[in-house]
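Next comes just one chain, in structure tokens: the form predicted on its own.
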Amino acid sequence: MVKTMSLFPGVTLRCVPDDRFKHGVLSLQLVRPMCREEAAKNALLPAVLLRGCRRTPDLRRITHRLDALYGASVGTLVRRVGDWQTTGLYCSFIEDHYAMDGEEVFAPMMALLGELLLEPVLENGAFSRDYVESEKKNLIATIASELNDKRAYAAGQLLKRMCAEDPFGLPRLGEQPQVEAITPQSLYSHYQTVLRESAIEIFYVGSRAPEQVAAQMETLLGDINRNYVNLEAQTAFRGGAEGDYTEVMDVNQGKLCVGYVTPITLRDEGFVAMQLLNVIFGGGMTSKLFVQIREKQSLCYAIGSGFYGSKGILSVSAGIDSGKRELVLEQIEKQLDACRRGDITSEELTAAKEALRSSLRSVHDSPGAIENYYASRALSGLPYTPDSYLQAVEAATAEQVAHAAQSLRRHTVYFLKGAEQ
């Protein structure tokens, strides 16, 4: 059970008390509207903050402090949740009662977190130039590395074209030109705005009482000069020009991506049926796409689907021979039409339900998995508790799944093919 506490205007603490683990985790996320002007800055900011603070101004000394706290860790956290992007830090640490001789770990860990967040290394009233330039290179390399994973690249290009008028089409880490334009001064100015105006989401998983965590966080954040600005509510898919796009690149295998839209999002009653539809249609090795198109007809090397519940977008991705593009498109539509007609066996429905049950059970396997699930759920507005979600999965019928399939409309096709194909 998540206990939610409002510490200050726009500052929310959510705690999941759990004494099964030796380690606890705490994330602190500053929530921003996803936009092209900010995305790269938000992605770069926590990496620069993590390079050093006034008391421990370099990575070596930060590592020594963490080693003294039984090998605790702190890392960057950048997420895209629907219309929002988060930027912040994530900590993992041993719980106090596992430390030797009554030694405290949580309090000094939170002190370090506060120093990294609020006391960065500055030069001439801005961030350290060396730190900013070094982390810019790292971020640009990460963004560029997407080109090495052609399937991920093609999926990103599909969303970029589908969501040309929606912030969901922006890459989570921003784009290289925006990273290159960042200066120590512009990033520091943005940092001040982020601290002052953003919603702050804190999530803790561990055995410490929520009231103790709240007291520590109030001390850590109480002196920030805040002027909180309310975030606009999450929205469904905002639309964009439909199209059929082909890009030529030096690849051996074509990548076909098809994007569908639906009014059903994770905030709607039909969400569970749509999740089941995704599993039955293309979400695994028992799905119609995999069995019918890959296994029986050998028309592709790999194929699958995914559902972005925050926006109501279902995408299909396939690795194919370029000459089979039209045939594979035809077969994808044929399998979706089967779902629309209710051509769903009891075995398919049972397997899909078990897949969702298994996925939810794995949420509670580690503190990190718990934080990721519940923090993202809170930000995206998913109304289901785990128990109510399981009840909805069990109660879902093939007719409801077919109704979800009927709501899907093809919006965009993106095809990445080789130069000589």
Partner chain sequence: MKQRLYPELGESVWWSRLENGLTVAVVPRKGFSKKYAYLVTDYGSIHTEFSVDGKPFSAPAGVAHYLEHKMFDLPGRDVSEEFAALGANVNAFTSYDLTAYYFSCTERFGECLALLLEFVATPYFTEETVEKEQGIIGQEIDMTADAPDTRVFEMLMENMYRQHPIRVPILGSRDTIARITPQVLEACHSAFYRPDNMMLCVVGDVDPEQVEAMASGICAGKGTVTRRDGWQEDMTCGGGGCEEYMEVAMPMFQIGFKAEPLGKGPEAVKQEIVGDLAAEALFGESSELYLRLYEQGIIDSSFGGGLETVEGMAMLTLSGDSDHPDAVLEAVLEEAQRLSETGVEEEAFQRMKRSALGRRLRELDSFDSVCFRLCAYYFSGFDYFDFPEVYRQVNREDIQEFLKRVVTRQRCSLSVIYPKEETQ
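Note that the rigid core is defined as the largest set of C-alphas that superpose within 1.5 Å between two forms. Numbering follows the first chain given and starts at 1. No experiment lies behind these values; they were computed from the predicted model shown.
What follows is about the form predicted together with its partner chain, which we do not show.
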Taking the partner as it appears in the predicted complex, which of 244 to 252, 184 to 192, 259 to 267, 160 to 168 has residues with heavy atoms within 4.5 Å of its partner chain?
-> 244 to 252
Heavy atom distance at most 4.5 Å to its partner chain in the predicted complex, all of L28, V121 and A155 | no
Hey, in the predicted complex, is A68 touching its partner chain, heavy atoms inside 4.5 Å?
-> yes
Would you check, heavy atoms only and a 4.5 Å threshold, whether C35 touches its partner chain in the predicted complex?
-> no
Taking 4.5 angstroms as the cut-off for heavy atoms, does R294 touch its partner chain in the predicted complex?
-> yes
Consider R208 of the chain shown here, and say whether it contacts its partner chain in the predicted complex, taking contact as heavy atoms within 4.5 Å.
-> no
Answer key, its partner chain contact in the predicted complex at 4.5 Å (heavy atoms) among E175, E197, D337, E103: the residue is E103
Picking from L89, I94, L116, L220, the single residue whose non-hydrogen atoms come within 4.5 angstroms of its partner chain in the predicted complex is I94
For the stretch 266 to 302, return the residues whose heavy atoms include at least one within 4.5 Å of its partner chain in the predicted complex, in the order they occur.
-> M285, T286, R294, E295, K296, S298, L299, C300, Y301, A302
Could you tell me whether the Cα atom of A99 shifts by at least 2 Å between the shown form and the other one after core superposition?
-> yes
Can a Cα shift of no less than 2 Å be assigned to G88 between the shown form and the other one, given superposition on the rigid core?
-> no
Determine, after fitting the two forms on their core, whether Y228 shows a C-alpha shift of 2 Å or more between the shown form and the other one.
-> no
